[in-house]
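Next up is one chain by itself, shown in structure tokens, the form predicted on its own.
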Amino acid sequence: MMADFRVPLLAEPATWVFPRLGWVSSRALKSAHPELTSKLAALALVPLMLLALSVDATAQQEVRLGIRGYVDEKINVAIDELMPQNAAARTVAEILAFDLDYSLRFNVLEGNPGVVRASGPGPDYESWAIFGTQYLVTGTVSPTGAGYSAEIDIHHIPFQRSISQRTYALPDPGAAGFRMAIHEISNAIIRELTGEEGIADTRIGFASRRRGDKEIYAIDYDGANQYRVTSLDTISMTPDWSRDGARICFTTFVSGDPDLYCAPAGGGRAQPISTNPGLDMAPSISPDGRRLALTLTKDGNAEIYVLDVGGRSLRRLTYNLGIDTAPSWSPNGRQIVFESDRGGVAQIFAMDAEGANVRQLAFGGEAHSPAWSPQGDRIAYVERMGGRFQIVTIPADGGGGTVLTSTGDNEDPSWSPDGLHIAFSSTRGGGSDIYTMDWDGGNIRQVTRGGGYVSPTWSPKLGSQ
């Protein structure tokens, strides 16, 4: 029986791959809960056999390295030393510089711009222009009774005038919301100078075995403020954010079999969403928040279903002897990309949201975990190459792939809300950690450290949450 669905959900695509459960995830299952292995053995047997036959010398996918960037021309911006020169001011300046650089919309000028000082009030516009500066951020960060006040001024260097002056309230540097409040300043600057929405106020959810069992955690997109979301003392995996950022949904074995639960994104009591007989997993919420795509085995085989959140009706989309899983909606909600081994080895397929017009998109080796970009034009997925798993993107209508990674095993791609970055798990440093990279594979940054981190999912913009 399906549990009461209490909140509307809209989330990034789920990335857990059921066909690989027997090959990869069983190692974790056996070590943590040996008694669960027998429940999965029958369903895992078929994909294991198919994996052994996955070499297809005739189906070679065209691969090319490097593609044209989404942001063709970056803005030269400098951040002056914020005054007075205290620890809080230095932290604000450092975070602003990181956020603006990460957005891919700016060239943040390096060095010590504070050496450029005017003899009178205001910036020395002529000197800043020599450095190629287009915009300059100045300001003060002063203590108040309730925290700090950040007065931020944006200057247009060629026009030699201030174009924006705003004051922001910040909590004390030791408070949990201090860094997020600075991220919101970064987003305001990005919006002011580009008209685009920044992603500095986002987080990344993931699964981690930190205390024996696998629980759900979250962390700021830049690697700060990691915290625990669930405390179910069992195996929980494949987290997926609701679009409003209020909840994280995931697959958990809390009742013995895989079911879908949701918990408050800040941590708290988890509530069941889908508890059908068999496996309930890999949720993906449509862009309008009215439908939930998921994988169920209640009819004996792993198939893609859609649950109408409002009417509680459940509709089956796929009908074949293969294993269909890992659905991900297109940004307009009209199509679903998914993984299927119906051709003998796991590959990437797409279909209309009603289940019609099924077509294969990828034709390379064993492929998993498709994730549709919020830009709508590309799909990221994982492909096995030379015994390793690498992240590849292809055009949304199919075609030649672009390999984004090359070191270690790289899995579980999840797009940032602006479609300019991808979070993924990787063993490039030894154990499995969460990393991010630009949409074209550049600027790889490590988010977690210590190993044991998998299944990242990028949150929507969180605002003041």
Partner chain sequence: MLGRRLTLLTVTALALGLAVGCSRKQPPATDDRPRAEPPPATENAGDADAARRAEEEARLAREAAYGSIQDMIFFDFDRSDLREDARQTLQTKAEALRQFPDIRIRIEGHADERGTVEYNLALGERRADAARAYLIDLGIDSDRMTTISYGEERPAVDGHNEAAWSQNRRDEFVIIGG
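Numbering follows the first chain given and starts at 1. The structure presented is a predicted model; accordingly, all values stated were derived computationally and were not measured.
Below: the form predicted together with its partner chain, not depicted.
**Q** Which among 367 to 375, 220 to 228, 142 to 150, 192 to 200 is in contact with its partner chain in the model of the complex, heavy atoms within 4.5 angstroms?
**A** Selected stretch: 367 to 375.
**Q** At the 4.5 Å heavy atom threshold, is G122 in contact with its partner chain in the model of the complex?
**A** Judged by the heavy-atom cut-off of 4.5 Å, G122 is well away from its partner chain in the model of the complex.
**Q** Can any non-hydrogen atom of D233 be found within 4.5 angstroms of its partner chain in the model of the complex?
**A** Yes, D233 is a contact residue.
**Q** Does G177 reach its partner chain in the model of the complex, with heavy atoms at most 4.5 Å apart?
**A** No, G177 sits far enough from its partner chain in the model of the complex that none of its heavy atoms falls within 4.5 Å.
**Q** Could you tell me if G278 has a non-hydrogen atom within 4.5 Å of its partner chain in the model of the complex?
**A** Flag for G278 set to yes.
**Q** Please pick, from W329, F349, F389, F106, the one residue with any non-hydrogen atom lying within 4.5 angstroms of its partner chain in the model of the complex.
**A** The residue in contact is F389.
**Q** Checking a candidate spot here: are T297, A302 and R384 all in contact with its partner chain in the model of the complex (at least one heavy atom each within 4.5 Å)?
**A** Per the other structure, all of T297, A302 and R384 touch its partner chain.
**Q** Would you give me the residues of 398 to 415 that have any heavy atom within 4.5 Å of its partner chain in the model of the complex, in order from first to last?
**A** Only E411 sits within 4.5 Å of the partner.
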